[in-house]
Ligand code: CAP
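Only one chain is given next, in structure tokens, and it is the form predicted on its own.
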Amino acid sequence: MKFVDTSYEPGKDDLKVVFRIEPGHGTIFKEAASKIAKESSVGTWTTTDTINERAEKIKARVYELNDPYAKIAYPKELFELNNIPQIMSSIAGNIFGMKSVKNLRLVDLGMPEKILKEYKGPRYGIEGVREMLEVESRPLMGTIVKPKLGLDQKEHAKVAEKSWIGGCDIVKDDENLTSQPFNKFEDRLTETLESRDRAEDETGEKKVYMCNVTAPFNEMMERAEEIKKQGGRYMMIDVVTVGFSALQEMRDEGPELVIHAHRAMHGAITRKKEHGITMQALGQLYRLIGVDQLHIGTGVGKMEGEKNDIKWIKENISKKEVTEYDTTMEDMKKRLKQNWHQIKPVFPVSSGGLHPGIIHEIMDFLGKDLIIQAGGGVHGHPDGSKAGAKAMRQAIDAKMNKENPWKYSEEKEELKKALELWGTKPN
């Protein structure tokens, strides 16, 4: 069977995938691409007499070669369309273990409307979250309670309350806080929602708590139901570690809560530039399934991630249609256009090593449709969490008012102290 056909025009119902390929020893690039298309669709390592016309019709085809990138089209008949695990078992399954590739990276996806129609996508998305918090245009501001682990439920709720009163819209758990002996899930939820209510009364602003429900599936569902019962509006899920199947079920069958997607463990899959799966591709899948908010990186701060890649992720999870790229021809070789049709946009989240001194840079780079989260950049303020939240909010206000943060801080003590401590450069 022939799997490389550069004259092939992908059909409107084909799923398209861009791979970056480094051939294994003794294999040339075109041959490696052919083997990827074969193994990820209908083929095997040798000729068989069981091949029929149907298999020939629905095989994957390599339709474009730009070493080291190959674009492969997969007819929809290869997939159970509403089954992300099956789709990924096909396009990212055995191929990563083949000897014919030294390194392989799934770079980008182009998903047809036939697949998109099988999924609900975000329940709220950017517009719904803004409506819930009654914030029309500025970036949303959040914090992560620190230390990650060690506080009991009352201490946790106290830190949250100070942060909300200082100006945070959002307080969230960290990725590894679930239900430890010293800080049980239900007790933390109750205490922190009570703090939220007091903060709303004091400030007159809407506040939300992102409580981490990550657990085995049945427990995760029970925790989400408990959030809804107690008047919470959000659940946070470590989407990589719980897996596509559990996430899809939580979106489809869980309570009507905003889903905040933390990407803990993604670096094990996405970080190596030559091998694995890009955060861009994972982000597309999470949008398809239906998270409302997703961590995309910062381009500054403590976490790895190049600005161009982060901008690319943001575009694909937050735009209705990605049709053009302000990039080079080299980038065009590895990117696909995408129309999201009825699927709502996801609210991008930047978090990791942020502080008031680099808010202007983040907003220059990623704009206003952004959730900015700072943990140490709030709680590490010389005057504590409340002052740290004020300083972050003041830094956002300065940028929204098109003022230099240092000049703006002349009448804002909290911001001034933060800038004196951390400066205006990334850590």
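Please read these numbers as outputs of a predicted model, since none were measured by experiment. Heads up: residue numbers just count along the shown sequence, starting at 1.
Another form exists, predicted in complex with the ligand; not displayed. Remarks below refer to it.
Site annotation in the predicted bound form: the residue of Glu175, Glu226, Asp108, Glu191 reaching within 4.5 Å of the ligand with a heavy atom is Glu175.
Residue-level contacts in the predicted bound form: of Lys333, Lys344, Lys146, Lys162, one residue has a heavy atom within 4.5 Å of the ligand, and it is Lys146. Gly150 falls outside the set of residues with a heavy atom inside 4.5 Å of the ligand in the predicted bound form. Of the heavy atoms in Ser318, none are within 4.5 Å of the ligand in the predicted bound form. Contact annotation: Gly43 falls outside 4.5 Å of the ligand in the predicted bound form, judged by heavy atom distances. By the criterion of a heavy atom within 4.5 Å, Gln280 is excluded from the residues contacting the ligand in the predicted bound form. With the partner left out here, the ligand still marks one of 198-206, 138-146, 226-234, 92-100 in the predicted bound form; by a 4.5 Å heavy atom cut-off that stretch is 138-146. Taken together, the three residues Arg263, Gly353 and Gly376 all lie with some non-hydrogen atom within 4.5 angstroms of the ligand in the predicted bound form. Taking the ligand as it sits in the predicted bound form, the stretch 278-297 comes within 4.5 angstroms of it through a non-hydrogen atom at His295, Gly297.
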